[in-house]
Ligand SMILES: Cc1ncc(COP(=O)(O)O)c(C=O)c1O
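Consider the single chain below, provided in structure tokens and representing the form predicted alone.
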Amino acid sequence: MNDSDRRPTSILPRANIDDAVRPTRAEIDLSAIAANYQAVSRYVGVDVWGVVKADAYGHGAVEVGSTLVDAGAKGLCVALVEEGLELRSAGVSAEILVMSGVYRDGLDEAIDAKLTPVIFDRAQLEDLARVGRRGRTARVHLKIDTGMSRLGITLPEVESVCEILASMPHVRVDGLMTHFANADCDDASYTDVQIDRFAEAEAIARRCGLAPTVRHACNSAGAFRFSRARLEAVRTGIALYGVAPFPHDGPALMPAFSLRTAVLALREVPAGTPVGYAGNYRCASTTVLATIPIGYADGFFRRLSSEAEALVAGGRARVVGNVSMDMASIDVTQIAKSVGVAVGDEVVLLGSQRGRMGSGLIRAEEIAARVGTIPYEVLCAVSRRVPRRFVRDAHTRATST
């Protein structure tokens, strides 16, 4: 089996929007992502590398990666070799940094596909030595652990590791990087310590003969808050998808992800009627219930049971009863009285809608707060059985229901 046979066109198959029968779908506004990229670029004033790991936080790595490159991104960041191969198979030619996923023979695959692996552990030096013994060359970035305590060369190891790397003529250390642990926390003191440690590690690396041309330390929050740490490049993920990583700083951003479905069934029930598994919710009065074809198997958390709200005709309707694997119920009583509700009407669980009741917006931050998590998890949780529709300028179009 040759290398081209081994490279996946997709890590996992995603539902095809053209084959979808169920009305549930995610809608990705690529224009919003491009606009967010430009806003971040203007704000930070250095190169912005787009983080498209985890299928671009659920938005679609190939489509988002291509959009970012077209918008001017010089590089993309992934977690796994497989993610980089997916982009290469789709024709993405920009530099792709593999930040954490060089496992087993992954280094050879990364080099074959012209991916840039990150060296973060002394044990990887032997893998690099084998590359040289086979007459091959490698361009890498070196990661320093300045306080995340996850991946990276620790400060006491920096000198010895850099000396070994400098002795390898077939290895070119193009980049030096670290990762901030607390950039989105109110207290900036620990990030300041990490910035100073990174500067110390850089000085050691250069004394050893390494000459990285790009230094990068900032994630989205770090890029917005710590101007002295922007260096030659920043790595932004969540900001490109329209979520502010730190609400007190940064440019205005446009949400790019919406989760939409439609009313599957309607029924009016009397007061006291239990709704859903276990009957934990009972209607306080006569209620119009709408059943919608989405559930926790799609990434709409069960923890949202009787907690979340949805948009119907631009107005808010409460999710009631336990969210099932494939379905949920919403109370549309007031909307039905005001403007009417019919089977087939659009329902928005995440994103914006304009309709007969007005305009509404549900952000990932709101859902995250309701379930006690972070917006990253909300976006990544939407499963691949939910087809993605890629659009442009959705934020300027009215969705009328």
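Position 1 is the first residue in the sequence shown; the rest follow in order. None of the values given here were measured: they were computed from a predicted structure.
Below: the form predicted together with the ligand, not depicted.
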| property | result |
| --- | --- |
| Listed residue (293, 237, 276, 75) with a non-hydrogen atom within 4.5 angstroms of the ligand in the predicted complex | 237 |
| Listed residue (51, 44, 348, 364) with a non-hydrogen atom within 4.5 angstroms of the ligand in the predicted complex | 51 |
| Candidate stretches 212-220, 132-140, 109-117, 168-176 - the one whose heavy atoms come within 4.5 Å of the ligand in the predicted complex | 212-220 |
| 4.5 Å heavy atom contact, residue 57 to the ligand in the predicted complex | yes |
| Interface membership of residue 99, the ligand in the predicted complex, 4.5 Å heavy atom rule | yes |
| 4.5 Å heavy atom contact, residue 122 and the ligand in the predicted complex | no |
| Distance check, residue 207 to the ligand in the predicted complex, heavy atom within 4.5 Å | no |
| Partner contacts for 376-390, taking the ligand in the predicted complex and a 4.5 Å heavy atom cut-off | 376 |
